[in-house]
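Read the single chain below, which is given as structure tokens and is the form predicted alone.
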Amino acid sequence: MDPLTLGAFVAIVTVFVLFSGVSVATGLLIVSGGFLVVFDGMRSLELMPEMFFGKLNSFALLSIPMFIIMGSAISSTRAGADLYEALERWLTRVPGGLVMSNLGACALFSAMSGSSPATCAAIGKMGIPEMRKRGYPDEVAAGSIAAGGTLGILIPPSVTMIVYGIATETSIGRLFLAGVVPGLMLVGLFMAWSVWSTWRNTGLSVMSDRRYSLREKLEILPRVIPFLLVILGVLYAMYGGIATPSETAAVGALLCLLMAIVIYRMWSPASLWVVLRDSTRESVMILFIIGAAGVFSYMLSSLFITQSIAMWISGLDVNRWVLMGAINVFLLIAGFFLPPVAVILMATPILLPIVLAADFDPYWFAVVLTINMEIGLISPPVGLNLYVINSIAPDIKLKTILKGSMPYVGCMVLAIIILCFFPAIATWLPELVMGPVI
């Protein structure tokens, strides 16, 4: 069978298996094993365990459970409430200031947790009831938190960026830096839309009657200092030449656990057990997907599917930006149905050679890919963040949450367009800190 035809058949079977309800990792192993047996014979099954564990035999993978522990430790405390309250006191008299407070809290919290659902849950529990009480429309209250939560996979430390770095063998430190300025740009776009939308729909009616004195504003700031110290500590360890990204992740995990125990008094062994249990569960899930994706990539390469697709696309006589547009559409559709980790591990073996052949920067592409994955987090049918918000505020209909998040999808699309015109937004900081890529 022609490799391109076989590739289309593999794609159809993969979609069918994943939609059957099995887990992503199990589905990838079923598809990989089935096609290897059919086209390479039973002997190919002997290589599957080797491919699986070979993909996991990477020191860099240690950073994944460590960063997940960071997020789990922070999520288990009232850290999100402290962040929210500090920003709310400073922005309460600004039209749309409460939405800006929530988005700012989402940005800071995501920089600590690296998890979109955790950010939605932590900030949404305080932010959504408060916004509704002040008279903000349900669409704005729910949509802004759902969108703000997506920042968790772009603003470092990001597990998604770590997975991309491992899958493409690119520098995780550079990937983290590449996400900083685009992440801040997205926060700015989200805030700009929120202020304009709130002013248009409610005017000054949602402004709080409460006026905080300068003393009240300043006394809340010490609660934010531990966050900033942890972030600065992690960044200094990574970019100061003290530790590798994996070692830095361990430093961050230790600092977050200490902050949870010392500052937020999470003394209970039961509470610590919950943090470690949940972190282990999520880490194993991600690592299982990584191992299964390694087998899936081996199957695609062994059957010459990856190489044929790359050769076919590179042979097309189209403008490279048309090509990038097609890649974005593919990533957008894939993100509607699959979690970001699965999309990265399945798609990058095929897409990265094409991206490099078209002379695009792999770190710039990582940011574009991640923003596409962010859109998938607030878009049906999967839209994980939509369901997280719905669980926090079950009386807000899923349709309302989706309607409120759509303008923020537009902001993300605008961010991708801006990055296409000004790629230095993503590449400037890594080159400034770490020098040009050799």
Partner chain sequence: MTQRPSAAAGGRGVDLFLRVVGGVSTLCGWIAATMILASVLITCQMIFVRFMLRQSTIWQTETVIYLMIAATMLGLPYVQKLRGHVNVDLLPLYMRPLPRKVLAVFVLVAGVVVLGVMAWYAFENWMTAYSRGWRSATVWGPRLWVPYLALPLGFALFILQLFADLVALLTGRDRAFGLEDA
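Positions refer to the first chain, counted from 1. Rigid core here is just the name for the largest C-alpha set that superposes within 1.5 Å across the two forms. Here the structure is a predicted model, which means the values were calculated and not measured.
The same protein also has a form predicted in complex with its partner chain, omitted here; what follows describes it.
- Exactly one listed residue, out of L184, V318, V284, V329, brings a non-hydrogen atom to within 4.5 Å of its partner chain in the model of the complex: V284.
- With the partner omitted here, the residue from I354, L257, I220, L189 that has a non-hydrogen atom within 4.5 angstroms of its partner chain in the model of the complex is L257.
- Although the partner is absent here, F19 sits close enough that one of its heavy atoms falls within 4.5 Å of its partner chain in the model of the complex.
- For the chain shown alone, I289 is a contact residue for its partner chain in the model of the complex, at least one non-hydrogen atom being within 4.5 angstroms.
- A residue is said to contact a partner when one of its heavy atoms sits within 4.5 Å of a partner heavy atom; P49 meets this definition for its partner chain in the model of the complex.
- In the model of the complex, at least one heavy atom of W273 sits within 4.5 Å of its partner chain.
- In summary, the region of this chain contacting its partner chain in the model of the complex, judged by heavy atoms within 4.5 Å and restricted to 220 to 228, 318 to 326, 248 to 256, 145 to 153, corresponds to 248 to 256.
- Contacts of stretch 359 to 377 with its partner chain in the model of the complex, defined by any heavy atom lying within 4.5 Å, are made by none of its residues.
- After superposing the rigid core, the C-alpha of E282 moves by 2 Å or more between the shown form and the other one.
- Once the cores line up, the CA of L18 ends up 2 angstroms or more apart between the shown form and the other one.
- Once both forms are fitted on their core, a CA shift of 2 Å or more is seen for A292 between the shown form and the other one.
- A decrease of at least 3 Å in the separation of the C-alpha atoms of I392 and R281 is found in the model of the complex, compared with the displayed form.
- Between the C-alpha atoms of V159 and S58, a gap narrowed by no less than 3 Å is obtained in the model of the complex, as opposed to the form on display.
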